[in-house]
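As structure tokens, the next two blocks hold two forms of the same chain, structure 1 and structure 2.
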Structure 1
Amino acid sequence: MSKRVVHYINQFFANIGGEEMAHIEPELREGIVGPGMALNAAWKGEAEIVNTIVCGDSYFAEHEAEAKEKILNWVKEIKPDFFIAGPAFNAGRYGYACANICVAVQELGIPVLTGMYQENPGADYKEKILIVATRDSAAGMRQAAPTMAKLALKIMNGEKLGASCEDGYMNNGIRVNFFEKERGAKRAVDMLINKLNGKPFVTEYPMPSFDRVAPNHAIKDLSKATIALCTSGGIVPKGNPDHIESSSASHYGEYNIAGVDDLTSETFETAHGGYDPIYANEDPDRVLPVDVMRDLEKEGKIGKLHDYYYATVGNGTAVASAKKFAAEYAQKLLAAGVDAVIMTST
């Protein structure tokens, strides 16, 4: 018996209309609509789209709870073997809808798959659900549909997934141990030779991707500004009262420096591993310039040095942890009326 699949698409791919029809509520249709044809054809009878759910992109974005409830109720009734959404390419709201409805359906215990361009905001969910990487426009349908169909069938048949680069899905953060055919030194040298010769090569250790935040406006009048110091260099009161780890820090510290004119080897130290701590322990101002900031404050060059500084150890600390620390203490800085921050790193 062939597997039963429900397909989710938006108003555009259902041929209802573009932006002017993006407000339409979810509707349930029998059988295949639009891009489902290509998926269905690729399954050659092994799986079949039994229903297509169509929803306007704006409707989903603006009425997420209602849209989800309606769609989930249909899915619960249909009890499909698989749920597939999109592909959404670089359509932001569509990608967001595909990813979100997939997350919700997956919670019902039904396997899901969607596809979109890597910069689609919906791609942020790539660690929660499987997302096939597609091109940025519908011109990529010809490649996307077979890749999605093949991967979907693999999942429906309970086959083991290949690596993300083999099966075409976005890296979902799961690592699997395996034996390489060639040892590391040879692979590294081969990679280097390819690089030097301008030939293509694939890194085995891709750097995490980082998002960007636009710069804030400059400070107009320093003499009225409250400036805070922060550091990833591990400067802490002597004895490291919060036990900040010397590497892979799990937390940050908030320390009061009101009335402190100078950090000395008697009062402060670094908790940071991975660099020679002698210089920072000798004079912690070499990492956190409290002495100079205090002088500038006394001279009226800056309005005030904020009473608290925030410190953690950057050594091997996960980006996700650092992000969490700073997101938290940034709110404290905001609440305290801090105008600008000097962050020092070792």
Structure 2
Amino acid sequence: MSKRVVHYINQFFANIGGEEMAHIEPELREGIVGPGMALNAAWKGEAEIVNTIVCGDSYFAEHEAEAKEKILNWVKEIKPDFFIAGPAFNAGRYGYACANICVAVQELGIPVLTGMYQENPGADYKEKILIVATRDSAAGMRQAAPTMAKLALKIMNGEKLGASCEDGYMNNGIRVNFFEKERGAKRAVDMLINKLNGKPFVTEYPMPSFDRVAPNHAIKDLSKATIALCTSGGIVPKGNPDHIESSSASHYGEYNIAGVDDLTSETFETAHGGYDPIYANEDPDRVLPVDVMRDLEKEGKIGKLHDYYYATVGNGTAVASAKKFAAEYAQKLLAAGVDAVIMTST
């Protein structure tokens, strides 16, 4: 008898829509939807997806308690042998939802598995649940699905897990010994030869990589400089017209402040979900200091405050996403002749 599996996916992989449909509430469907087909095919009848749960990324982020309660009630009724979520790749809110719902289902005594890119905010849960490491986009589905399916079946069959490098899951801090086929000296020489010949090789002891950003030269004359404001503190026009997420932001906003001398509670607010918004909403200048910059402008201490500012939410946002945002609007700032940027956080 094949194992019964419940699969969790978001609105995009359910083919409902993209960001414009991220608000949909959880729904329970019979059988397989979207990426579940690849998982089912890999199991070859030893396991099958009996139900698929679909939930919008924004809905889960903004109504986490309600979403969890509904999903857990369905899982309790179905009583599956296994619960699998994703893969989420580098989609921040999707990864957060996959990881959190897996943690909750695991507490019911049901084994779980999810998959995502290593920089996804959901990957922070790798010490609580098993997470398969995937590429950063859905282009990696062909590699991710078989790896997740194989590991899931191994868990369902009660087999002992191998090391993370063997079974494809993220290093969770638990050491598992295994024997390499070749001794260390030969492996080291093989790596060196590959490196000298420009061929690909994989180190067995990867070193952390840290960004080193060289500072630009100081501005010689601030009184003639155009200064721009940017923020990860989520300050947006009232109503959050671009629907920037409160956590794990997938985009940023560009807003015109030409002629604006003061950010008020009637016109601006914060979309950020990672700090108490009361003081920022009372006076948004506390996070994005437009009022102070206007004073400096009037006093002649700076030449001009740029007409546009760029804002996103840093709460849980993937590093790769943040880099992508900055690289994009930096080109706009350069094209506009901006001399310097003040980046504020919270």
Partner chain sequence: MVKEIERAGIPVVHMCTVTPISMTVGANRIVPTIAIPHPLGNPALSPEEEKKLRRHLVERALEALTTEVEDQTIFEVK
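Given the structure is predicted, the values throughout are model-derived calculations rather than measurements. For numbering, take structure 1's sequence and count from 1. Only the largest set of C-alpha atoms that superpose within 1.5 Å between the two forms is called the rigid core.
The form predicted in complex with the partner chain appears here as structure 1; structure 2 is the other form of the chain. Once you line up the core between the two structures, the Cα of residue 287 ends up 2 Å or more from where it was. Superposed on the core, the two forms differ at residue 238: its CA moves 2 Å or more between the two structures. Core-superposed comparison between the two structures: the Cα of residue 186 travels 2 Å or more. On core superposition, residue 198 has its C-alpha offset by 7.9 angstrom between the two structures. A C-alpha shift of 31.5 Å is found for residue 303 between the two structures, based on superposition of the rigid core.
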